[in-house]
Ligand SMILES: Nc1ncnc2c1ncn2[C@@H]1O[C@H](COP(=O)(O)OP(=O)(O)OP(=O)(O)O)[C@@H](O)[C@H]1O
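Before any questions on binding or motion, here is one chain by itself as structure tokens, the form predicted on its own.
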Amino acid sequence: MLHELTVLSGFDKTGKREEYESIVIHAGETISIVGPTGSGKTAFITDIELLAQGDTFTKRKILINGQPPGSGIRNNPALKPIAMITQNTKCFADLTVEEFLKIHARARGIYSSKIIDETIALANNFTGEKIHRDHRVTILSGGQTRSLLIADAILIGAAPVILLDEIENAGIFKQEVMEIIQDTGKIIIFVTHDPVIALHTQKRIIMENGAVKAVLVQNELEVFAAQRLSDLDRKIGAIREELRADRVITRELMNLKFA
């Protein structure tokens, strides 16, 4: 069981030591990584995904339950407790969705066909264009692919740590993703530029020049602000779906959506 993940400090882009000793993330916590483009957000979660031991550019070290991970956990994908969903979601294997999921399920020692149906159903909560089991993964859109990979990480991979790199850019229903995965008891880490996501997480790690600048804890005002932004974001999302469905925006529709 993974109870906590610890990130030990490394160095910024100039070789200066980061100004924290360690960041401890507990099971069930949600974290957002924010900062300007090029500030080191993706490098931070990549260190976690690699379970770095001072062997990356940043020289950070990652501990699991307070201990360095063994080589088996680091090098065997079937044992690694971390799933990372990046912006690069292209699948090169010309398989159907069902075949793709079955291969991963077998690799995890799961042979029930029910898990395939459950994973596709969960993925379809995250995307407007539905995924079918006989679709080939090579023709899925970026949003469909990322939705499928998130559902796969939750149900088949059963990874206790999920890293999500800018899901707001994937064309998926981010509100649904956040609601579902925040109740899983997993460590969820978002790299994001989206204030709705950032304010919904329990902690925010601020990046600058390749280093952690600050770690902020969510306060009561931010919880209120997150809810207000979520309400507005849902309304904007509803209008977006109307446009995608070839509907003309009318005064009545605007009054209905923004009432």
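Bear in mind the structure is a predicted one, so any value in this text is a computation, not a measurement. Just count from 1 along the sequence shown to find any residue number.
Quick note: we don't show the form predicted together with the named molecule, though the next part is all about it.
The partner is absent here, but in the predicted bound form a heavy atom of S39, alone among T30, Q53, S39, Q218, sits within 4.5 Å of the named molecule.
In the predicted bound form, none of the heavy atoms of R247 sits within 4.5 Å of a heavy atom of the named molecule. In the predicted bound form, T58 approaches the named molecule with a heavy atom inside 4.5 Å. When the named molecule is considered in the predicted bound form, F11 lines it closely, a heavy atom lying within 4.5 Å. Although the partner is absent here, I206 is not a contact residue: none of its heavy atoms lies within 4.5 angstroms of the named molecule in the predicted bound form. Remark: of stretches 31-39, 224-232, 61-69, 196-204, the one touching the named molecule in the predicted bound form is 31-39 (heavy atom within 4.5 Å).
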